[in-house]
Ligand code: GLU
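Here we start with a single chain on its own, the form predicted alone, put down as structure tokens.
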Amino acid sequence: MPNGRRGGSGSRKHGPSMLEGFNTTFARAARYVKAPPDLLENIRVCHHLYAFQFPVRIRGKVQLFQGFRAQHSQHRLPTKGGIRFAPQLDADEVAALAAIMTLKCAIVDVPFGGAKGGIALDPRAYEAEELERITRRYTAELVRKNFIGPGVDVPAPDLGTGEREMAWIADTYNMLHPTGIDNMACVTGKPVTLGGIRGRREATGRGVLYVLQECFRHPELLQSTGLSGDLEGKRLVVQGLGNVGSHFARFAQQAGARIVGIGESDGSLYAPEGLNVDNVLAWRAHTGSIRGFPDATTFDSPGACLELDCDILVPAAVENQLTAANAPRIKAPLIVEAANSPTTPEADLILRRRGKVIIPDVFANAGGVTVSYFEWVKNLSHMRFGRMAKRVGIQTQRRLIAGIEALTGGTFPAALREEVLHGIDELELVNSGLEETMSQGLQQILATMERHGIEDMRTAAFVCGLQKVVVAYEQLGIWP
């Protein structure tokens, strides 16, 4: 899979649909929300769904492609959500992902409505030049129906897409709006040199790490798991080494965790003493597969990694990986959903009854949209974060160091001096904002659990987001 794109393991389109899973959890959460039934129904359903076909000449023949863009709720504008290229993409999946985005944005207090879109294709079947023509034509179709724009609907990368596709989308939109001064804010996840923001590529994986670290600051949450302390020495299994999984695995390893298992579409690896993530990625780049990685046991099944003995399981691949069939065999006491809808409703019930703690996808993978929000704000302000304040901060720190040295008669250690005088740059600001957002999000979910007596985090996360959306609609004056 091309560099920078989300990959994963496991097969897709088996088991319940994402929309069925969303509706099941929504119904469970709605019982805790005081709102008129018609308002709740209005929030549940997708408000706008654009399904269309468009032709592109590929290798001398015209091919018809099926495109989608869903805007689940416009209680906040613009709407926000990724664009995925996946062969089995359909309207229900897009509508469900858009609905999840509405609640996800609400949970982390990002002022967007939920959206999602994509094209039903396998990006591996096309050359880069062909994908560019397909992406640009798709963008033109969105412009035609006003389903994209800085104040209307702002896409981002998702499964099968990355910075490259976002750059094509931005350029196409810019060509069709030659006088727009905010055109670069029409899409996020762009390369830094084309209006992107530092830290966006790894934001979802880093956000998952921040969520996990925050969990260990709340012993009451992890009481049933038997886990305590921090990530140091904890045994992790990561399913999916795409953009999200690979970055998370690296960050978790740097934080002291031991990656004992990795799953990909061609199999699973297991090494009780730990795997070096960078070495696994290098092996895959060299051989085209994770199979046969030295000093690890290779399993043929992509799903074998899910049942390995570990402390924390992180599904970061595709949907419907934890099912009623394998849920009784899941050993990890803590599951962090980095992928969208990796757990079916039936598996969720089984796992909860077995005492597993699940950090749900609707919150756990919100790091991407959080940093996309920062990029959107940066594009609208036309100013790189930290540009005006960095030198002032350095000068202040220099005076502070001089004062300390004058008072103590000593000298600041060179390494510490260099670190203090480095100043705060854009990446540090982005990561600081992301960590604060994920930390506050988890605390709000835990407060919701305590306030309503809710035992599982998925229901509490839905309640937390749903309550905020209800308030937004009531403030519009439509519902009393």
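Numbers for residues come from their place in the sequence shown, where the first is 1. Note that the structure is predicted; figures quoted are calculated from it, not measured.
From this point on, the text means the form predicted in complex with the ligand, which you will not see here.
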Exercise for review: Sort through 311-319, 289-297, 130-138, 362-370 and report the only stretch with a non-hydrogen atom within 4.5 Å of the ligand in the model of the complex.
Suggested key: 362-370
Study note, to complete from the structure: in the model of the complex, the residue from L241, V336, A156, A252 with a non-hydrogen atom within 4.5 Å of the ligand is A156
Point to revise | Contacting member of S268, T188, S341, Q71, with respect to the ligand in the model of the complex [4.5 Å, heavy atom] | key: T188
Point to revise | 4.5 angstroms heavy atom contact with the ligand in the model of the complex for G82 | key: yes
Practice item. Mark R200 yes when one of its heavy atoms lies within 4.5 Å of a heavy atom of the ligand in the model of the complex, and no otherwise. Key: yes
Review point. Heavy atoms within 4.5 Å of the ligand in the model of the complex: does K104 have any?
Key: yes
